[in-house]
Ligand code: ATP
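This document starts with one chain, in the form predicted on its own, laid out as structure tokens.
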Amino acid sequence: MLYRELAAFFERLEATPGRLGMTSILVELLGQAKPAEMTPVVRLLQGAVAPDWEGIEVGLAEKQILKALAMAQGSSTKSEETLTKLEALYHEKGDLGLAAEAVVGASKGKQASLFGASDLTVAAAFASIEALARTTGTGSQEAKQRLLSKLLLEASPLEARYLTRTIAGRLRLGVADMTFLDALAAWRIGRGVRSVTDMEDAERAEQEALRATLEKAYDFRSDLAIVATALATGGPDLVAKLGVAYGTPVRPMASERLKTLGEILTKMEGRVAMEYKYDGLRVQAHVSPAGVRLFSRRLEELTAQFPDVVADLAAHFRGRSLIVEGEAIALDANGRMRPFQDVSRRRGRKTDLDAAVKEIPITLFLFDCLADGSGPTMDLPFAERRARLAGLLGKGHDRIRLSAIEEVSDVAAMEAFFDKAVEEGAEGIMCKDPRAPYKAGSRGFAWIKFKTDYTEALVDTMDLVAVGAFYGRGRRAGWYGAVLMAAYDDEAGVWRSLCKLGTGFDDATLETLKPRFEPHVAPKRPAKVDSEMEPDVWFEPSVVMEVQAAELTLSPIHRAAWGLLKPGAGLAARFPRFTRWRDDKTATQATSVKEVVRLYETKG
């Protein structure tokens, strides 16, 4: 497959906002890719060269990309005049990819007959980008510039647009993982793309069965390329054999929320296992004879950042194989839980690790067992998984403990446990159905969170995604003064506006907004953002922020839940206030529109 063919698909995807339309384009793309090309095609579609947890970033700094463009023009990277012109072009276009397209177009436009059509293959493009991403050490920046300039010399203008965006880490075609799985199922069945409501019963059943097999494999392996390649080479039978692998993160299970403890008890049919909801960093630990690996909720590897946790797990579970989940907490000298901000200071730390371990020692409170030496345990009821976890832990370890838990069957006991949890520093409780399996990658009422916010006048906090910003005025001049926030519509794969957020920021935070959002600036409203409100700057959905609001109200402006509760109206968060960054969550793990609707319906 030629890269120019893939780039043409990228252009179509970029211009298509609807999920069905995107799925149809993806089915066509999959039909043109050979089985051996499936991995590079899927990786390039995601703008990556490896799964997230491998930590291999394609991104090259803007200045280095501009120097590579200068080299592709035949200019010196030390020519200030050339670099100034390229910077001006970049700022005019507002996008490095469009700037690269213009540069390559100008270079080749007058000599198109000499260059002809690009014969760069997908495999060759992927190999070059992978080589660039893996180039490290002394002189690596210059080497990366040379690799990119060589790639651009081989590329057509359209190819240059998407190659540059990929290398800058800004491809962002808006293809949700679930949309890609839909496309895989439709491609394999071969009857085209239609809404499930338009299918016959037998066709719908076949589609849903294959889709479930694909999603389960993806939940276990967290890698669309592996799933797509297995389907292309061995069909559904091979996909079904893609089980859990030690060292490869499992997509985490997520919780729902209800307003009262009585509702929770009813939902779980009168029997609830309650745990402390620790305000820490969720960690998935893989322990095997090969070593210990730690992963975040976002499936990023944390192993190097928490050497103390790795050492504790290796020492305590020596010789065993298991996958467990827990909450990484910092405790003070009296055993009280320190704020989440203290734990987050350990996350992403690459230097002075010994000092960080001494300053912020971590205790890991384990709450679930996804696999043990006998194999995956996720299909077992939570009560049995918990019993296995207790057996594995044995007498325990000072810094590896079981989460506090109690199984009850009446509201009075739930209230007593909740009060105790808050008194001991937890932010609330997690209520779990003792009979429920672990549903990787899913959100459901088998887990329900109940936080201290529910007992206050304000609604529960929401994890919303920043999709734009407004320039500040007065004292905030020169900064972003407010941010446009959105909830995630997981059915459509779209982020829908919910509020304009301008409070809760101190001056120090305001100063960091522009550099924090700079990598996510978009030249126009992204196709996957639904908003009537026009910010001064658009962002690709990426950064998640915790927001607390006084209430949720119907809105003629904001698009979350548009038309669901009242024709011509959506939902808006009133008096929103920023509370903290949620760097541990991806944009698709943010509060969903369905959750916002439930919060609105249970208010008061």
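Numbering starts at 1 and follows the sequence shown. Quick caveat: nothing in here was measured; it's all calculated off a predicted structure.
There is another form of this protein, the form predicted together with adenosine-5'-triphosphate, and it is not shown here; the text below is about that form.
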Only one of 327, 312, 433, 154 has a non-hydrogen atom within 4.5 angstroms of adenosine-5'-triphosphate in the predicted complex; which is it? 327
So which of 219, 463, 182, 101 reaches within 4.5 angstroms of adenosine-5'-triphosphate in the predicted complex, heavy atom to heavy atom? 463
Using a 4.5 angstroms cut-off on non-hydrogen atoms, would residue 488 count as touching adenosine-5'-triphosphate in the predicted complex? no
Taking 4.5 angstroms as the cut-off for heavy atoms, does residue 346 touch adenosine-5'-triphosphate in the predicted complex? no
Going by a heavy atom distance of 4.5 Å, is residue 211 a contact of adenosine-5'-triphosphate in the predicted complex? no
Find out whether any non-hydrogen atom of residue 255 is located within 4.5 angstroms of adenosine-5'-triphosphate in the predicted complex, and reply yes or no. yes
In contact with adenosine-5'-triphosphate in the predicted complex (heavy atoms, 4.5 Å), from 273-281, 143-151, 353-361, 500-508, is stretch 273-281
Residues 9, 165 and 172 all lining adenosine-5'-triphosphate in the predicted complex, heavy atom within 4.5 Å: no
Are there residues in 290-310 with a heavy atom within 4.5 Å of adenosine-5'-triphosphate in the predicted complex, and which are they, in order? 297
